[in-house]
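The data below hold one chain only, encoded as structure tokens and taken in the form predicted alone.
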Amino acid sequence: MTEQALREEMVTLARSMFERGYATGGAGNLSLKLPDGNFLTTPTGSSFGRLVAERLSVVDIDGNHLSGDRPSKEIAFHLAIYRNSPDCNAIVHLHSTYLTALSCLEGLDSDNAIKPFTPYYVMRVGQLPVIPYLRPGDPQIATELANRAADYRAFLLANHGPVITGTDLRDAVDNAEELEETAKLALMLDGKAIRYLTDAEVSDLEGRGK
């Protein structure tokens, strides 16, 4: 896709998420890898529902602002993932309701916040490691994500929200939507007897979603 087509796709997908309640106000951010190796991202404080293609930010791999409006300070952790995950070409960071609620719970398994109970979660996301709480904008978030980027497709920032990757922006958005629905189901099923997938069932599913 051309840069212009990628800009228009980002605006369209962001608006769709906003209209369906995945993003509110100026929370969250998106990024994708451009054909020239630089990165297109949402500007600081921008609403997913009111993005303008021509005003989207462009940065290089070192975070230098090349064009467009000023990028979010959280682009630093996006770039940390790109540097350490060659298959990642797009990232979605949300403060979506159910995943953010999940991120506020005590006692989550730091290796996998959601034990697998649907095949779609396994095929699209696999596992959801938890990043310990750090204030928004803390450079340590980038370090924590960089250390895990090669092994996971999504992450849950404690008391903050999810970070989800994809092979392109549409794939990342699909992954984010599946993950949000999984979190909703997990919270609905809390306290009930859940039939979790067995290790053999998980192994059979791994790799089928890509």
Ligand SMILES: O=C(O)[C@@H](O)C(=O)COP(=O)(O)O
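Since we're looking at a predicted model, the values are computed, not measured. Residue indices: 1-based, along the sequence shown.
Below, we refer to the form predicted in complex with this ligand, which is not included among the displayed structures.
- Contact annotation for the candidate site: 44, 72 and 95 all lie close to this ligand in the model of the complex (heavy atom within 4.5 Å).
- Of the residues given (158, 27, 146, 59), 27 alone sits with a heavy atom within 4.5 Å of this ligand in the model of the complex.
- Of the stretches 166-174, 146-154, 27-35, 51-59, only 27-35 has residues with a heavy atom within 4.5 Å of this ligand in the model of the complex.
- Although the partner is absent from this view, residue 139 stays clear of this ligand in the model of the complex, with no non-hydrogen atom inside 4.5 angstroms.
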